[in-house]
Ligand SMILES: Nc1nc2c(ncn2[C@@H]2O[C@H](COP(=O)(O)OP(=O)(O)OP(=O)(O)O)[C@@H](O)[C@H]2O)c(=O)[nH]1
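The chain below stands alone and is given as structure tokens, in the form predicted on its own.
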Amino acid sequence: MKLVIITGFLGSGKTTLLLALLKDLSSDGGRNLVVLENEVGEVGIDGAYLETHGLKVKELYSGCVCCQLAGSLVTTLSELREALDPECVFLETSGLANIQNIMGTMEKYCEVVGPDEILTIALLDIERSELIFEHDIPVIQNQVKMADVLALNKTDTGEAGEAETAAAELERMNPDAFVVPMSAAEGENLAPILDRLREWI
């Protein structure tokens, strides 16, 4: 069983990207994919929305999977493996998730998903890229540095040359990551991420 972690600061477009990716990946009906939503509050809005698109959704409430709910994440993944045996679980974290903590928990306690079976996609909103680059915001720095794929979202709203500048800065921050300028809402340039997922899953 593989695990895809989709993370990003509040409002970066995680759910929009998740829906776009899963719609394409499940279009042939031959994949067994499950969505695991981490809601910090007590009401899961995104999970209900995802279920309307025919996706299997499990929600973790009232905390973040990187700290208060770390044990729940490990238990839930084991339960999903036992009950549904999915090819891949897509975990959408809260905007404040510390990916390093999640990876540490998985490596130490999770028996159903190994470190080499986890792919992390971090979203950054181009509209706030200048703010992110100018200020050392620990949670965002952590998400960027731990990502396998850096999705620079909302490039359709940026000014000329802004995407190239922001992408270059992300490559500097994490030279090992695959940087993709894209627009989840418009469905622009999702193909490189989908190709990476198909090859990996």
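Numbers for residues come from their place in the sequence shown, where the first is 1. What you see is a predicted model; the values in this text were computed from it and never measured.
The same protein also has a form predicted in complex with this ligand, omitted here; what follows describes it.
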{"query": "Per-stretch contact check against this ligand in the predicted bound form, the hit in 73 to 81, 113 to 121, 87 to 95, 100 to 108 (non-hydrogen atom, 4.5 angstroms)", "finding": "87 to 95"}
{"query": "In the predicted bound form, Thr157 touching this ligand (heavy atom, 4.5 Å)", "finding": "yes"}
{"query": "Leu22 within 4.5 Å of this ligand in the predicted bound form, heavy atoms", "finding": "no"}
{"query": "4.5 Å heavy atom contact, Pro192 and this ligand in the predicted bound form", "finding": "no"}
{"query": "Those residues of 1 to 25 which, in the predicted bound form, come within 4.5 Å of this ligand by heavy atom", "finding": "Phe9, Leu10, Gly11, Ser12, Gly13, Lys14, Thr15, Thr16"}
